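Just one chain is shown here, as structure tokens, and it is the form predicted alone.
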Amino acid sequence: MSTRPTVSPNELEQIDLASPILHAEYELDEVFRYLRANRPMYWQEPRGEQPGFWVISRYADVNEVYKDKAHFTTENGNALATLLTGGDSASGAMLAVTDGVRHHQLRNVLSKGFSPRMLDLITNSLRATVDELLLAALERGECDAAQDISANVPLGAICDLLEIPQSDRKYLLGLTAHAWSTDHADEPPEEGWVAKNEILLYFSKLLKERRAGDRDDMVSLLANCRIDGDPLNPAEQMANCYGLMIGGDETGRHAITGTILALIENPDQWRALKNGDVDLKTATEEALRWTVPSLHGGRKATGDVVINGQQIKAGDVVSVWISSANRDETVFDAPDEFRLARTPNKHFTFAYGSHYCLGHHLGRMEVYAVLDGLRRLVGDLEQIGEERWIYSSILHGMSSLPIRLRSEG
């Protein structure tokens, strides 16, 4: 039902691929198709005071950058929004914007939080949450899939992982929704800064409460762990709680809404899901490839390097476009078709290499739970109003998707 205009490749030199407005209000498939075929290593010239940056669109080249720890770092930021404005304040503290030995140490600590016991708990909790949300929506007959379903599924999972009190969860959802994206083009940037600071302040208090306790949730793990005998400093503790909260909530939320829209727009795939013609794990991978909750990843070059015949100089900002690589015609057969049975399906939705998304288990479990719930409980889906896309240059998703649901039978 989207009426977003398509940007022509002829307009490439006029558009700004770092603009949240561009990604919310326009379709860019033709631009990236052109870039993959003709200018896979595209340098976007500076726009006003905004520095220039590399736009890498082919799967093979994205793969090269992700693998090359010797020449690319996240320590100045892992998205254009921070890389082009002086760097990330959490650099060297939060896992996603830390490299080298400290990255390895932090990753080992955080990995322990995804224990089999915790993942089993979350699996059961997710099924119960999804069923409750879908049954409530079916009873009403209509709902906003983005706000009434998608927003509540990942929040429950990540809050279970962090053992956030139930009474605080809605408050945190409201903050995470504004930390990296906005619902309106003219929303002031201060809203995002306030949201980020509120999240950090919340976790500062929670970490203090969990210190010296014997719980095994992720917040307690960060509050009480030792690396080479030393505790994590407060900045590391808060930053990694923040990173888990944002990453765990936003990715799953936008993947779920995008999946619901894709099933509505592809009735043959909805029937395949309903008839049991597709394996749910396979379908989950296609939902993740298709929806691309994170549009790009960002790096800064630490030394001169050649990628696909193009020299990148030390200090250059590099963006690798997951949204484009996931549609690369040389890797995926008919990439612009939504096929739940697609296999193999080695998408970049969770990145690749040393920064492969730590929470990929959660993201997959969330999408799987929703596909399973839709298959079991919902007879039909229909879009009843135009979707609204969020304003972000990094996140890709909707703030609103009005739908009508009909139950089985």
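Throughout, we count residues from 1 along the sequence that is shown. This is a predicted model, so every value here is computed, not measured.
The form predicted in complex with a small molecule is left out here; the points below concern that form.
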query: Taking Tyr66, Ala96 and Ser294 as the candidate spot, are all three within 4.5 angstroms of the small molecule in the predicted bound form by heavy atoms?
result: yes
- line: Exactly one listed stretch (265-273, 99-107, 228-236, 128-136) reaches within 4.5 angstroms of the small molecule in the predicted bound form by non-hydrogen atoms, and it is 99-107
The small molecule contact in the predicted bound form: Arg36, any heavy atom under 4.5 Å: no
task: Evaluate Thr284 for contact with the small molecule in the predicted bound form, applying a 4.5 angstroms cut-off between non-hydrogen atoms, and reply yes or no.
output: no
query: Is Leu362 close enough to the small molecule in the predicted bound form to count, meaning some heavy atom within 4.5 Å?
result: yes
query: Taking heavy atoms and a 4.5 Å cut-off, does Arg342 contact the small molecule in the predicted bound form?
result: no
message: By the heavy atom within 4.5 Å rule, which residue out of Leu381, Leu358, Met41, Leu374 makes contact with the small molecule in the predicted bound form?
response: Leu358
field: Contacting member of Leu261, Leu288, Val153, Ala146, with respect to the small molecule in the predicted bound form [4.5 Å, heavy atom]
entry: Leu288
